[in-house]
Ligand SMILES: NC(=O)c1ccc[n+]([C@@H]2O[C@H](COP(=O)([O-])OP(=O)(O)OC[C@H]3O[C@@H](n4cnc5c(N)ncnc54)[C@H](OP(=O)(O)O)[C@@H]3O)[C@@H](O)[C@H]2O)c1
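Just the one chain here, laid out as structure tokens, in the form predicted alone.
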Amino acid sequence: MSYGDLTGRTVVITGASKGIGARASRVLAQAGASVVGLARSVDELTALKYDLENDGLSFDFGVVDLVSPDASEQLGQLMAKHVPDVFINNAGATRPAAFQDVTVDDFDAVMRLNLKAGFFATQAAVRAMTAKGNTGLKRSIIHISSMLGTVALPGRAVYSATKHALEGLTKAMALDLASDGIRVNSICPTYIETPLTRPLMENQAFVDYVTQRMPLSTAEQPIGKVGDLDGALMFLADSALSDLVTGTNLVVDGGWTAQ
């Protein structure tokens, strides 16, 4: 299902090989965009390309490790080749642990990918967007944040810190880039069914906890599906739908943070 028209637009997505990134690739390609997915796994990207092109959708990819020493150079080359009209900063990771148990390695790994790598990948996209000055094109940046950028949960100290920082970055970027015609927003999902969350769903205590906390949770669907983000992605990507929306977050959490 398509929610808008991105015909002729280029969309670049990090963390595109699976989960939210793979779904976003499909949804935005269905809307007519030429999608370029970035991730580390050439096998997963190749499989995604096969699936999307088999359905008549436009998808290309670049293999890049966002935390590698040469990531900035690789990203610069990729963005110059595929100048994004929409850039989705989606790559991320978590290492659950109580605050007092977080190691330096845990802290550095999550901060390095969720915040530092995301910051500089987005910077590379912006530099490509603005290389020829303000061309009058309406462009969009979407950070995939989390409801934990607004609230917190036990055992998620570092992850929550990165997402709170991402929310601040969204606002600051929106102010810096408005004159270039670039809108900057974030999407803040609840727990979504992805390979990252699948092990959690095997824990009945966790399922019960989520069901109690999220008003729209049901026994059949305790947490969100990747498709639940389709409308939010399309709304923020298509400037015809969200031309005056910048510097804000779109929370897709089943009512979790309303309490």
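None of the values given here were measured: they were computed from a predicted structure. Note that residue numbering follows the sequence shown and begins at 1.
Not on display, but discussed next: the form predicted in complex with the ligand.
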item	value
Residue (of Ala121, Met79, Ile182, Ile144) lying close to the ligand in the predicted complex, criterion heavy atoms within 4.5 Å	Ile144
Selected contact from Val207, Leu196, Leu216, Ala47, since only one has a non-hydrogen atom within 4.5 angstroms of the ligand in the predicted complex	Leu196
Asn90, heavy atom within 4.5 angstroms of the ligand in the predicted complex	yes
The ligand contact at Ala165 in the predicted complex, heavy atom, 4.5 Å	no
is_contact(Leu52, the ligand) in the predicted complex, heavy atom dist at most 4.5 Å	no
The ligand contact in the predicted complex: Ser34, any heavy atom under 4.5 Å	no
Candidate stretches 39-47, 26-34, 207-215, 52-60 - the one whose heavy atoms come within 4.5 Å of the ligand in the predicted complex	39-47
Check all three, Gly15, Ile20 and Tyr191, heavy atom within 4.5 Å of the ligand in the predicted complex	yes
Heavy atom within 4.5 Å of the ligand in the predicted complex - qualifying residues of 62-86	Val64, Asp65, Leu66, Val67
